[in-house]
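Shown below, as structure tokens, is a lone chain in the form predicted alone; questions about how it binds or moves come after it.
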């Protein structure tokens, strides 16, 4: 399945708001893209005939069958339709990843001799362990996404912000951006998605984990969007406490967190509490006024409000388990994890 300039297609697995955003933007830019969705989502998208984006990007991208060309997004519910892709980006929810990876690994078995890669843009750290087990570590590219998106009631995907997508190799080589990472970064940038290759993807992953534990822990339990969280000094301090505990686990794992677009964790840790409160207030003051859009809620809070299962074990439970193995005390994260498990059980029945 040749793509733009002779390149093979890219597969996207998972047709939630994030998967649709990546797939539609890449297809709009001329890449051949195959979006693997659940049967219900595939049928809905095919009936609609397009993926509609609004917010930071406004576009309608036509939907067709796998192999479609000319800016049309191929949609299917069959992983075997991926064919000879250059790589596969998994954009499912984290708790759906293990099943999705197993299905794709089975479907891609005939392509075992080709050098395709896999990457996951889920929240949490366990995603890369799941993908490494399903496909081999040699195929694994580390990925971190802070593209913010949510679905409107009519199915339109509202992009709150394109954020940044970070990509990098786990090993080897530890301090280089490889050809496959460079190629994927180029495709994303050409599609209007800010992206960068980094030499230390573990630092980015743990830095985002710090941010995710803090943001999700506060937002889900308060049911507040980002602007409302950062405007409240008490909630900023709660966020800081969760970030500090996650950072302690990162340090015990041999990883130093850093400053990255959207989550400058090193700077947060260097601030005093009062400085952080003032910094957060500045973010709120500089934000555009208007009603809170779906994309302004963190993804886990979107799931809560929609009554969908949340990624508790993959984001919080995994950090607690890592902390226990390393002998690091994380009482606040443990408490939040327990509260969120109970909340998750209540909303999902």
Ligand SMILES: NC(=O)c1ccc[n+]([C@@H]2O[C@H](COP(=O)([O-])OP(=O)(O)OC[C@H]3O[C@@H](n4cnc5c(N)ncnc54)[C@H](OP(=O)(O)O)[C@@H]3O)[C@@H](O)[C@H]2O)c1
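Fair warning: this is a prediction, and the values are worked out from it, not measured in the lab. Numbering follows the first chain given and starts at 1.
There is also a form predicted in complex with the ligand; it is not shown, and the following applies to it.
Undergrad: Which residue, 218, 204, 94, 185, has a heavy atom that falls within 4.5 Å of the ligand in the predicted complex?
TA: Contact with the ligand in the predicted complex is made by 94 alone.
Undergrad: Can you work out which of 18, 10, 25, 333 has a heavy atom no more than 4.5 Å from the ligand in the predicted complex?
TA: Result of the distance check: 18.
Undergrad: Every residue in 100, 148 and 208 with a non-hydrogen atom within 4.5 Å of the ligand in the predicted complex?
TA: Result yes, every residue of the spot touches the ligand.
Undergrad: With a 4.5 Å heavy atom cut-off, would you call residue 33 a contact of the ligand in the predicted complex?
TA: Result no; residue 33 lies far from the ligand in the predicted complex.
Undergrad: In the predicted complex, does residue 63 have a heavy atom within 4.5 Å of the ligand?
TA: The answer is no: residue 63 has no heavy atom within 4.5 Å of the ligand.
Undergrad: Answer with yes or no whether residue 165 is in contact with the ligand in the predicted complex, where contact means some heavy atom within 4.5 Å.
TA: Answer no; every heavy atom of residue 165 is more than 4.5 Å from the ligand in the predicted complex.
Undergrad: Spell out, yes or no, whether the shortest heavy atom distance between residue 122 and the ligand in the predicted complex is within 4.5 Å.
TA: The answer is yes: residue 122 has a heavy atom within 4.5 Å of the ligand.
Undergrad: Can you say which of 318-326, 65-73, 37-45, 52-60 gets within 4.5 Å of the ligand in the predicted complex, counting heavy atoms only?
TA: Partner-contacting stretch among the options: 37-45.
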